[in-house]
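The chain below stands alone and is given in structure tokens; this is the form predicted alone.
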Amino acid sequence: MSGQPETGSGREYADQWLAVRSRILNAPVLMNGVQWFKARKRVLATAQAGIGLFWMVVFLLAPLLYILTLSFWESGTAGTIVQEFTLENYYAVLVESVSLSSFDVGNIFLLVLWQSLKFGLSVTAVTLVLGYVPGYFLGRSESRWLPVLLLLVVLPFWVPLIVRYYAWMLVLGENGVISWLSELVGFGSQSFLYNEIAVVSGLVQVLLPFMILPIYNSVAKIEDSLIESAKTMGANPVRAFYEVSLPLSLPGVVAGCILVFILAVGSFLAPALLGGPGDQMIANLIERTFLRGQNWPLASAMSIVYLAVLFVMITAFNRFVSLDELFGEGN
């Protein structure tokens, strides 16, 4: 009996709240505003596009424009910047040779850039080989456990990147699992860190979801009737895959390759933590020039040349593969 008045009071408050909410939602000002936006869909779409454009200009184009401007200025003493036009930074990046340990090794920027591109190609090839089968299996699966399997693919994203690389250091280190297996088969305990294989292994482990998910998305769109038609016309499962599934999964393959390649070439943590002194990549060189060398104009020129090389490679790839037609067919 003691709770009866409280229940009645709570119900009264709920009724009052519903009445207030109904009056707010049906207020003439709010209703007129909604009707105004509905009548002006183009204005609303323009506003949404404007917000996105503003975001791109402020946080992408403006910093890039500043980096481009810095690349044509001179570097002064003690990290200062002299605002005088010069092409010396680009000469140093593209032409000038440097001396390391009394040996003239040519242009260090181009050497590191070439090494970064090799790492990018290696990581892309390995992730494609390892990621196509899981992506294809997930795309064709009708299992009720499919959401769980997809969750397992994206689960590594919940762990900070630096934690994953440190975990990989434990795996490849002298006291890690790989070393234990090596000792078990008679090769002795040894470290597998600080070499090219460690860098590629770490990048593959981190970037594999970026290959699996686009392939899964493309394969999931393939209609069963196309594969069944091929089998009805006499194709065995292998030929049906080669004639139907593989071509229709190419948009996902291309998207995954582009994503993985760009992310791998620009990687910073993997070569810094897993690689040796000779395995540094372009992001490490730019960081050292920016922060340790305090030569912002030279580092800016490196960044611009790096972006230009990537742009040329993606453009050439687009002309060769025709991404518009490929993704158009995929859709």
Partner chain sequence: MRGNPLWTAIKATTAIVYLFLLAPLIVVVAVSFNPTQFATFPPAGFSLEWYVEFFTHDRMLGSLFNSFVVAGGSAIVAGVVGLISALGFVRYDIRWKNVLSSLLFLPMIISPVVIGVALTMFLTRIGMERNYLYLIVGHSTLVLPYVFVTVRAQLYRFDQELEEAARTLGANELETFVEVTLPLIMPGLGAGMLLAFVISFGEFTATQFWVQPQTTTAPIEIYTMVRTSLTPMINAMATMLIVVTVVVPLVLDAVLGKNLILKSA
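Just so it is clear, the structure is predicted and the values come from calculations on it, not from any experiment. Note that the rigid core is defined as the largest set of C-alphas that superpose within 1.5 Å between two forms. Positions refer to the first chain, counted from 1.
FYI, the form predicted in complex with the partner chain isn't displayed, but the following is about it.
Considering 95, 233, 82, 170, which brings a non-hydrogen atom within 4.5 Å of the partner chain in the model of the complex?
Residue within 4.5 Å of the partner: 170.
Could you tell me which one of 208, 112, 257, 248 places a heavy atom within 4.5 Å of the partner chain in the model of the complex?
Selected option: 208.
Pick from 113 to 121, 171 to 179, 86 to 94, 248 to 256: which stretch has a heavy atom within 4.5 Å of the partner chain in the model of the complex?
Of the options, only 171 to 179 has residues within 4.5 Å of the partner.
Check residue 223 for me: does it contact the partner chain in the model of the complex (non-hydrogen atoms, 4.5 angstroms)?
Taking the distances in the model of the complex, the answer for residue 223 is no, it never comes within 4.5 Å of the partner chain.
Might residue 141 be said to contact the partner chain in the model of the complex, defining contact as any heavy atom within 4.5 Å?
Close contact exists here: in the model of the complex, residue 141 approaches the partner chain to within 4.5 Å, heavy atoms only.
Residue 185, heavy atom within 4.5 angstroms of the partner chain in the model of the complex
Judged by the heavy-atom cut-off of 4.5 Å, residue 185 is well away from the partner chain in the model of the complex.
If you check in the model of the complex, is residue 137 within 4.5 Å of the partner chain, heavy atoms only?
Because a heavy atom of residue 137 falls inside 4.5 Å of the partner chain in the model of the complex, the answer is yes.
Of 43 to 57, which residues get within 4.5 Å of the partner chain in the model of the complex if you count heavy atoms?
44, 45, 46, 48, 49, 51, 52, 53, 55, 56, 57, in sequence order.
Inspect the rigid-core superposition and answer whether the C-alpha of residue 53 shifts by 2 angstroms or more between this form and the one not shown.
Superposed on the core, residue 53 moves its C-alpha 2 Å or more between this form and the one not shown.
Would you say whether residue 44 is displaced between this form and the one not shown, judging by a C-alpha shift of 2 Å or more on the superposed rigid core?
Yes, the C-alpha position differs by at least 2 Å between this form and the one not shown.
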